[in-house]
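Okay, so we've got the same protein chain twice, two forms, each given alone as structure tokens, structure 1 and structure 2.
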Structure 1
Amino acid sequence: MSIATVFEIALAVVVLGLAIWTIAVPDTYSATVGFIAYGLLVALIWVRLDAVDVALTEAAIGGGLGGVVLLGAAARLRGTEAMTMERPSLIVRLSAAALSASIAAALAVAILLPPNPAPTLAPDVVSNAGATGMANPVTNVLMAFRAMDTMLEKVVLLLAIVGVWSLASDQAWGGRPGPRHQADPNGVLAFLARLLPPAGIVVGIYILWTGADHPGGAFQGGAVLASMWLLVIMAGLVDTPPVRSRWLRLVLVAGPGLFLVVGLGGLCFGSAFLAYPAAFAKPLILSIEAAMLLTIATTLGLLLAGAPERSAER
């Protein structure tokens, strides 16, 4: 057993411990905190699996932003938790445990019985990378070979926004999402919120840009930008935009919209829908990604902010 394996086992044990904590601890708030720690640490596993693109995504969206959404809800719901319903009976829990364990066992068997040799598309991806002029294979898959999935997934994000907004009360419709954050404009939080975001913007754009050839991309960069935006909002330095705002709407559809337009362009002038002419492939993809960066950052930020609660006037 090599030293690397020992490390892997240690990592798996720490993460598994956090997972068990998250499920088993009685207090919801503690479980949420455990989950944030979990989400951030899972990124380590992804690095270990040599999937850095995913590690970036998991650290940013899975752990960071996702954790914060949960945390906000846990903080809001905390007072009510005492009066929550009874836990299911022992029989139910035992049978659920047994069945879950069998599913897990079946999965373990299925995943650990590898076909030999394991099939892979990696050589295909590499040999076709020339068509886009990008060196990051994951970006190539996302933006060229499986561009349809990526575009539809942007629409999913948009629908999530529609869904969240549709939960507003009728009076608050068109207003600003989330509560108004109050903070001392001279406080430490405001201090951080003035210093960090510009640097965060540079980092976010860098992550997008480097995504062409190295791990990175629009999602990860967008998540960084979103977190910086929310930091400024939480410090009370700016307010969330009212959802009626025309500009906001345009930004929110910019990513999928441009994607669709470029795709249709491929249908009309090129070889196929979502096909990029070889000469312009890289600039086209980068401009789509730039639009998506804006869209994703705004979308993620608004998803965290929640439904419109206040009228736009305040």
Structure 2
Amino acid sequence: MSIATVFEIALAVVVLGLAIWTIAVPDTYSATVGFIAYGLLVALIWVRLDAVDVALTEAAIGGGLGGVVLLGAAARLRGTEAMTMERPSLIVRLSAAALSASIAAALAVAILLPPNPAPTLAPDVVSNAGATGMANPVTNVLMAFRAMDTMLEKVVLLLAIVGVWSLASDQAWGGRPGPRHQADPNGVLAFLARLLPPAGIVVGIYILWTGADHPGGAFQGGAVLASMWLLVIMAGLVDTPPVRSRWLRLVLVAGPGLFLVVGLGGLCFGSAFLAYPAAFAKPLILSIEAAMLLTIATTLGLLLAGAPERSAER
């Protein structure tokens, strides 16, 4: 047995054990910390499966920005959790465990016992991959073969921010999301907020650009840009923008809007909706990815900031 195999077995055992612990632990904060660690370990699994694009997304969202959202929710619930939490009955817990085990078994059967040969579109994807000029197969799939799904995913992000904003009170509507952060101007947080964002912006743009031929893309680059923006906000160097700002709303619809325009162009001048002309496929895809980079970064940052709580002047 090789060292790599031993590492993979140990990683699988730790991930399964951490998943069970995250579900079973009664404390919300502890469960959130377990979920963040679980996301980081799952990212390692994707790396071992040579799915670096998925690993980048899992680390940025599952172990990063998503974890921050859950930590914020756990912090708000911590004061009332002990008073309001009701322990489910034994029957409910056993039923949930049995249902979870049944679903896991069904998924295992579906994965381990596929038909022979297994149904796949991989040969068709590979044979037509050169039409877009993108060497990264993941980008090819997301922006060409699954373009409709990718566009709708960005629409879902837009709907998510609308849902968060709808939680604001009437007095705060149109104001700034989240509290106004104040940090020691000479402290470590302020120092990092001045040091890291220039490099983080370059890294985010590089991840977008290299996604055409190597692992990366708009979502991963947008997550990096969002984290840099949030770092500056948490250090108190800048404030969150008011949600009534016209430029902010234009950025939020830039990605889905350009995606839709290109799709309608394919419908009017090409063979189908989102059908890229062969001569302009790569420039169009890169333009969409650049617009989505800004939309994703802004949306993720605003989702973490929360609903509007203050007027634009405060």
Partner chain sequence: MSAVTVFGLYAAAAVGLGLYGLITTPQPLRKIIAFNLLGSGVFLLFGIVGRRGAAAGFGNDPVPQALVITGVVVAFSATALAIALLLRLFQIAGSTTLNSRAAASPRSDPSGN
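Rigid core here is just the name for the largest C-alpha set that superposes within 1.5 Å across the two forms. All residue numbers here follow the sequence of structure 1, with the first residue given the number 1. Owing to the predicted nature of the structure, the values given are computational and were not obtained by experimental measurement.
Between the two displayed forms of this chain, it is structure 2 that matches the form predicted on its own. After superposing the rigid core, the C-alpha of residue 294 moves by less than 2 Å between structure 1 and structure 2. Core-superposed comparison between structure 1 and structure 2: the C-alpha position of residue 105 differs by no less than 2 Å. Superposed on the core, the two forms differ at residue 18: its CA moves 2 Å or more between structure 1 and structure 2. We note a C-alpha movement of 2.7 Å at residue 123 between structure 1 and structure 2, with the rigid core held in register.
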